[in-house]
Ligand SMILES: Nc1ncnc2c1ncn2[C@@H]1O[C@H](COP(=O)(O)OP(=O)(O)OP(=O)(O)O)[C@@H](O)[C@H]1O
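First, one chain by itself in structure tokens, the form predicted alone.
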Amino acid sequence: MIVVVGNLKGGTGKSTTVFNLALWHAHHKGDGAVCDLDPQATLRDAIDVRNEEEFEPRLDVRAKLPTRKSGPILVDVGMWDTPAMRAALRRADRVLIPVAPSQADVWSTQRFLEIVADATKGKKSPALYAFISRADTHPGSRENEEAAEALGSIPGLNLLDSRLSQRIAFRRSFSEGLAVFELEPSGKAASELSALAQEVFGASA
């Protein structure tokens, strides 16, 4: 199963999402692969830190999609419309879109979906999923719900119930080469990540 994680908007947590989901699956199943097609190579940097620190399980990151399809292949495509992104989308079984709670991010998501449709024209379309990323933790905020409502109205897009909030634990763990559940096993970020992983991988996890 190839899961492409992408959006055209920067700062939505694409690399963080791939990193954490890959480690969640590695801890539970011990297989799968990670592919970094983002020119910024932020995901590769985090994995390099992890491997230098000799944390287990190790993650191996590839610069292009492997041919094998056993276990999930999680792909970070960055935020640019590149040939590599389109090639990954053509092979994707699922497309996962992190969306920050703002109108600009919703617009960006709609443009990204146009790219997905164009890239996969003439073949079976991948299943499309979105979730609220970097959600506002303030109890009085309406932005999370407004963004969710807007995403829920987009035809063909499945909005996941899980959300990843704007938490220091995600930034800190990523910079240290650790998943949030490795850094703070009982933390709120770990709980959010676990819920997202179970939705993304479903029965295959």
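Just so you know, these numbers come straight off a predicted model, no measurement behind them. Numbers follow the displayed sequence, beginning with 1.
The discussion below concerns the form predicted together with the named molecule, not included here.
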Picking from 113, 79, 119, 84, the single residue whose non-hydrogen atoms come within 4.5 angstroms of the named molecule in the predicted bound form is 79
Only one of 22 to 30, 166 to 174, 59 to 67, 151 to 159 sits within 4.5 Å of the named molecule in the predicted bound form by heavy atom distance, namely 166 to 174
Item to complete: May I ask you to state whether residue 141 is within 4.5 Å of the named molecule in the predicted bound form, using heavy atom distances?
Response: no
| query | Contact between residue 11 and the named molecule in the predicted bound form at 4.5 Å, heavy atoms? | reply | yes
(message) Please tell me whether any heavy atom belonging to residue 40 falls inside 4.5 Å of a heavy atom of the named molecule, as the geometry stands in the predicted bound form.
(response) yes
